[in-house]
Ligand code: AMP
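Below you will find one chain, with nothing else, as structure tokens; this is the form predicted alone, and questions on how it binds or moves follow later.
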């Protein structure tokens, strides 16, 4: 037989066996026979290198070494999900959904697998990129490692679109996890703590050959892209399955919250029989057009909700309470516990939030406390076992001075937290602000981590983030664990940060209450730091979604001479403190003051493009119709109740073409 034909036949046959075994859980060949065929293919590929194919089954074994994982921006943001814990939470969510969309609503119920989130990109049916969730906006390129996971198709089958992303979880089944730990114990090594963290850590191993030895699986749940040929979430799951993806079959289509709860209650018990870790159910509005209508909040889709299974609870002894100082000066009490196993991890610390919480629960040192790990990453104390309280127990007295700089703490009226007001001289606050400045969502300075920042502050090399730009290689090389290459990367990372756009710089400054979303609103409205500095409190409150609390905080920040000096220094180093000409290109004030609702199906441009056009021209996009709505851009299949509400309020409806004419 011709070598090329034999190679192609073996590749096709082995890919089919892989699919049957790892995706369909239906082996059609013995492991021995599979290995013999794979070895034969490897020999032929070595003999005929001209027929090399990066998507060959032989490439699953890995071998590529990745020392630094490249940061990649997601084409479509990976949002978090809002959490619910009761029937009432779900009913409230359904009420909000029904206010925003017309027609009957169906829900897709899917199990929420506890793994490491991943986004896979396919072009022309081939895997081209695999990126971790990261901060939702950007993640790490782990393509070489993902290629070694047998349930991830390298090539697709069927009628797949030209290009799309698919999201899922990388999980480590219990059986595989236990076998890995048995091996580690045999070799005298510490066992891994839990499947989720082990799966997540596997994605960042430098040697993909090591990843290939781990029995990881990839469970997919969400198609992302345009013109995908699907109109419902449930249909998208079926389609993805037909293209060769491992999509869990336990998903269910229902038409009421009661039916959703039936699904939740069933799997709350049955999940213990599954081969993977799960921590809840994800409920999604099934109709994709309705999903588009609902849109997103700043952090999560409005069309989806996670229902978390009841949190596990354990009891243990509270050994001490210590106090941490954050970058804003906020004091956070931390309970130090007798180590205890909870939800797959060993818990040594738990949050007690603030003085009010300590007083409310009457938490005391040496108490036996109940600890829970629910929707939060950090466990929390939920109560005290009073029957086990020691006789000589004394109530907890909250600290009155800063544990770091001994400054008298302050507590503003209506605020649950205490604060250290020594913002310029308290080391954790100084270091915390700089750590925030360099963080991924802010200036994203590579080569500079939190520990190095603390070291730089303690050595007196920097006292605020503008000092970073004066650092030299000679100054940083003597630092602990700092090699020549690390020093070069640090200095290079700082110099590269001057390219970061204004909205992220504004967020990086660390103004209290100014998160990513608020920073974007302010940057877009004022276009430069000078305009924000000159704005009055009244001006700021008139900006969309800026309340009095934020306005006061912004004014307070820029009223400090020290902050103005820092801003001027940043300017002198070339940091972007105004929107660039490129960003301003195509932006106008044509729709300034207009609040516009977008509803229906559009043909000239997509719904997201319409929304972007509104924002680029100074308008505000709203998801609901009210007396403040200027007009509605009404597409095909706009719901009758929305039309009725528009007529009742006297809100004008315009077509897609009429809207585009407004901007021409």
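Quick caveat: nothing in here was measured; it's all calculated off a predicted structure. Residue numbers count along the first chain shown, from 1.
Here the subject shifts to the form predicted together with the named molecule, a form of this protein not shown in this document.
Of the candidate stretches 79-87, 157-165, 474-482, 554-562, only 79-87 has residues with heavy atoms within 4.5 Å of the named molecule in the model of the complex. Among heavy atoms of residue 129, none comes within 4.5 Å of the named molecule in the model of the complex. Within 4.5 Å of any heavy atom of the named molecule in the model of the complex lies no heavy atom of residue 508. Contact check for residue 217: no non-hydrogen atom falls within 4.5 Å of the named molecule in the model of the complex.
Although the partner is absent from this view, residue 351 stays clear of the named molecule in the model of the complex, with no non-hydrogen atom inside 4.5 angstroms.
The partner is absent here; in the model of the complex, the one residue of 133, 364, 512, 417 having a heavy atom within 4.5 Å of the named molecule is 133. Taking a 4.5 Å heavy atom cutoff to the named molecule in the model of the complex, the contact residue among 177, 267, 122, 221 is 221. Along 105-134, a non-hydrogen atom within 4.5 Å of the named molecule in the model of the complex is carried by 110, 111, 112, 113, 117, 133, in order along the sequence.
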